[in-house]
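Here we start with a single chain on its own, the form predicted on its own, put down as structure tokens.
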């Protein structure tokens, strides 16, 4: 006996997380109503300007969403109001960032010409025409000091984190305490310490002194971030390595560290971001030099001091050069961040 089963068409599963057209239209209408109320609020009160208008929008949007969603039930209303509040807070975070980048670009781009990144200020005064001089000496000095500080602080910071988390030696609590204490040291105190111990007794201002001041500020950031990343490694992974007969050192270097390689790169990025814009310690350690120099035993230029010195003159061209240095500093940090993220992505694929 043969049984013939009729083919039953299986319906395609729905995707409730995909926004439908009706949802998009509803969101657009609610946003439009909120914009109108925000405009009315900013027009009839003291809330003026773009920030005042956005503050009104951040207040009106959750209220409008609540009024429209209350008919759908308490849970739906809470979900939609929470989403609108999160959206408004996201704007609070993004708007200052966009404002900073836009302002620096608008004012700093005026200092750029074909030779701005390839010449220094050896033969040019800060108040002269913007067609002469550049920021090459400051870029080279910043990269040199950041590189030296990274070569010192990144290995030491990772080693301190390994000692605290993996080895758990008898001085682990002391190392953690001093690392946390160092993270609260003001930058000018770090510069004053290097000045009193290095600059006075070993030849005055130099790139080495500036790099050591950077190291003091960078080390606790790298150590604390690496410590938190090491804590994310599951203990089962370590236990599996020990069960296969691996020693603790081999487990750390061949199992634990490769697992969190991307996190360690992130800790280095945070450390560089912590020190790249510091000015106070360099005033007391590296000083400033108007020509491009790679001599680590002499004063050297840097982008923060380049910005600070030009801004202090008060001249229009000097101020424009200060904004140009700010734009270059943003570009340098962005390039270093991009390179580190690319390296991090490559390590994660491995």
Partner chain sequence: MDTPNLETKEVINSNIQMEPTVMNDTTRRNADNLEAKGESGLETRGVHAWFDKHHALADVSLHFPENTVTGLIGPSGCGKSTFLRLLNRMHEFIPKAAMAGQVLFEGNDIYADDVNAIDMRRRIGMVFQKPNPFPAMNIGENVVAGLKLSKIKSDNKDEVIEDCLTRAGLWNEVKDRLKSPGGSLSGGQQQRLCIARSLALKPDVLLLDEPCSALDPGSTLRVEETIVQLSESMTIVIVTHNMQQAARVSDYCAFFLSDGGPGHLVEADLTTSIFSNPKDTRTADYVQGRFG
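Residue numbers count along the first chain shown, from 1. Worth saying up front: this structure is predicted, and the values here are computed from it rather than measured.
One more form of this protein exists, namely the form predicted together with its partner chain; it is left out here, but the text below deals with it.
*Contact check for 243, 255 and 258 against its partner chain in the model of the complex, heavy atom at 4.5 Å*: Yes: 243, 255 and 258 each sit within 4.5 Å of its partner chain in the model of the complex.
_Answer range among 105 to 113, 229 to 237, 119 to 127, 133 to 141 for contact with its partner chain, defined in the model of the complex as heavy atoms within 4.5 Å_ = Careful reading of the contacts points to 229 to 237.
_Would you classify residue 262 as touching its partner chain in the model of the complex, given a 4.5 Å non-hydrogen atom cut-off?_
No, residue 262 sits far enough from its partner chain in the model of the complex that none of its heavy atoms falls within 4.5 Å.
*asked:* Can you work out whether residue 173 and its partner chain are in contact in the model of the complex, taking contact to mean some heavy atom pair no more than 4.5 Å apart?
replied: Taking the distances in the model of the complex, the answer for residue 173 is no, it never comes within 4.5 Å of its partner chain.
*Taking 4.5 angstroms as the cut-off for heavy atoms, does residue 250 touch its partner chain in the model of the complex?*
Output for residue 250 is yes: heavy atoms within 4.5 Å of its partner chain.
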